[in-house]
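As structure tokens, one chain now follows by itself in the form predicted alone.
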Amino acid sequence: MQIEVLESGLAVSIQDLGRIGFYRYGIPMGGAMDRESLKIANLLVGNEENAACFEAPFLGPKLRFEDHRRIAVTGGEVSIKVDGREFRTWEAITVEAGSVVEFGFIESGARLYISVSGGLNVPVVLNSRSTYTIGALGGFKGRLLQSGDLIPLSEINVDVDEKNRRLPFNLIPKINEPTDIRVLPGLYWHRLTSASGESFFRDAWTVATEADRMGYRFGGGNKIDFVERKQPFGAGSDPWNIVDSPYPYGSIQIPGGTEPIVLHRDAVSGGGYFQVGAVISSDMDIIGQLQPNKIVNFVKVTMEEALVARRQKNTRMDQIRQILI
């Protein structure tokens, strides 16, 4: 039981919810850039939420199925065709043995999550099936999909679950433009001048073309200035440099003071740049769905507000589970 990759799409990888507990060894958490969309895709086809799926930025693959399965596509909006017949996102779709599934160009959002009933049966590496291409581990042979690949599937019951699962329209994630991204200022915030600290949250920022699984770069705002100081030994001459520090998931660097970079799923675990703060966990899924040239406003929040946002996101996910399970 397998899927044949007829066309590889664009930088398509296999992801689950990531590998926990190895960041201290320099191996990032990885996993889906948009965790909520991956969870929903799995629930729609009756999988466990952490089952491995295809993550496809901008252009999905063309796939031939060996046996009868259910699939679901979440994340960005895109046209889905099964043997030429068109289907919608955010609902379970039946795919017969021998059928070919293909996708149009993404219409909104930046990443598709394609779940298959039973899940993609690639090896578990360090407690996860997620692909980490920099380390050449996980997923299918530690790399992106290629035409001709044969992706193994897990077994499912003979009686495939044909429940008509569909996410209600009011629960489909929406991304407004400009997009507000909430930020909790960090330990190094005092290194910015007061004027630059104010402009960071006041300015409109634009998603740059350098936006991938390691991080999202933003441009268009005013240059950030730093408080003058004598650089400590080992920090180098640039005022942005520090003696090495760990990088939290979602942390924001501004090398040279010109273009903020939000570190995402496959980012390195530490280095010599200080971070002005971190995007709250509730908004990291949003960043994973931002296309280049989209406008973003960074919004300052407190820890209490960040925790409220997390509770609200968890409550929303509980509501979705009640509908789909």
Partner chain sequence: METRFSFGGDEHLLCECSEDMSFEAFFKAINSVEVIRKSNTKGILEVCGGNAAYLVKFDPDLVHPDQLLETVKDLELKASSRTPVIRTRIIEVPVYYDDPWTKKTMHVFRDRHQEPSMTDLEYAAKLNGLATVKDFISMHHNSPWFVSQVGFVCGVPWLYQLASQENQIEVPKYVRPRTDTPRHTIGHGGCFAAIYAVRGAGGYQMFGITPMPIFEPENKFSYFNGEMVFSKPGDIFKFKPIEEDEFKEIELAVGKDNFEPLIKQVEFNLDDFLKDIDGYNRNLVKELYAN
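Residue numbers count along the first chain shown, from 1. Nothing here was measured: the structure is a model prediction, and the numbers come from that model.
What follows is about the form predicted together with its partner chain, which we do not show.
With its partner chain left out of view, the stretch that reaches within 4.5 Å of it through heavy atoms in the predicted complex is, among 38-46, 288-296, 56-64, 275-283, 275-283. Using a 4.5 angstroms threshold between heavy atoms, His190 counts as touching its partner chain in the predicted complex. Residue contact check for Lys174: none of its heavy atoms lie within 4.5 Å of its partner chain in the predicted complex.
Mapping the unseen interface onto this chain, Leu10 falls outside it, with no heavy atom inside 4.5 Å of its partner chain in the predicted complex. When contacts are judged by a 4.5 Å heavy atom cut-off, Pro168 does not count as touching its partner chain in the predicted complex. Here is the short version: of Tyr249, Trp205, Trp90, Phe103, the single residue with a heavy atom within 4.5 Å of its partner chain in the predicted complex is Tyr249. Only one of Pro152, Gly186, Gly220, Pro123 comes within 4.5 Å of its partner chain in the predicted complex through a heavy atom, and that residue is Gly186.
Contacts to its partner chain in the predicted complex (heavy atom within 4.5 Å) from stretch 50-77: none.
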